[in-house]
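Below you will find one chain, with nothing else, as structure tokens; this is the form predicted alone, and questions on how it binds or moves follow later.
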């Protein structure tokens, strides 16, 4: 199994400031492999940590970690050790506000959202990696509530809408000719038979005759990125998360730390920023984007497109 390396870990920890012995309330809205949360547990000894992930496998692995770290389970979601309380929820980050309200938590100091996918998820979520050719085109992180698969989108979605998705979610606007050819080939293939597996989709891309292998790999990665985002409604969910930030980051100095990986996510954050600028009272400031260090890039090539957005309450 590929071991996932949490990106911009030190940079996230640097944003968490401990000023006194009062408990610090932190939300990790995208638990994933748990790397950020484990590091926060090491740093903050008086802590209320709220962990969310829709991936049950990720949740189960983190619960094993808590047991091995001698945390005691108090109920279905709460674990405790010394001055640390860990709340673990198998929910999408769009449910953060609702869950906090249910727990009567009025405000938090820090909220983290790492919008990337863990490397090990590619090994058990079918269709997520274009290298696993035998996989069915599924890509659902949440199979319990989400009935829409990549198979359905690629086979039954309108070609016009698919092209729009590839431009907006996959940054393929610069590949105009290749994208047009790809959409045409998709239409032809759908008339012949369903596109069922990763191999079926990859073989269509190979017909495009890229000059360099790297260009083919890049195009393929963006096609799969597009479908993953569409299946899991990632951009729509990000909008929900941003919209409830003013309701939970109530204290001056409280921060949201959002790690993005592509222009679609950054565009939504910019739209959120613009919406706040249009209001009379400026509640938040947006720090300069933080990118991986040279050392991190050397040790984790997956971090190359990561950017840390820090949104801080100032009023």
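Since the structure is predicted, the reported quantities are computational estimates derived from the model, not experimental observations. Residue numbers count along the first chain shown, from 1.
The form predicted together with a small molecule is left out here; the points below concern that form.
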query: 4.5 Å heavy atom contact with the small molecule in the predicted bound form for all of 36, 53 and 121; finding: yes
query: Interface segment, criterion being heavy atoms within 4.5 Å of the small molecule in the predicted bound form, picked from 156 to 164, 76 to 84, 90 to 98, 203 to 211; finding: 90 to 98
query: Heavy atom within 4.5 Å of the small molecule in the predicted bound form - the one residue of 141, 179, 220, 111 that qualifies; finding: 141
query: Exercise: residue 116 in contact with the small molecule in the predicted bound form, heavy atom 4.5 Å; finding: yes
query: 4.5 angstroms heavy atom contact with the small molecule in the predicted bound form for residue 257; finding: no
query: 4.5 Å heavy atom contact, residue 31 to the small molecule in the predicted bound form; finding: yes
query: In the predicted bound form, residue 237 touching the small molecule (heavy atom, 4.5 Å); finding: yes
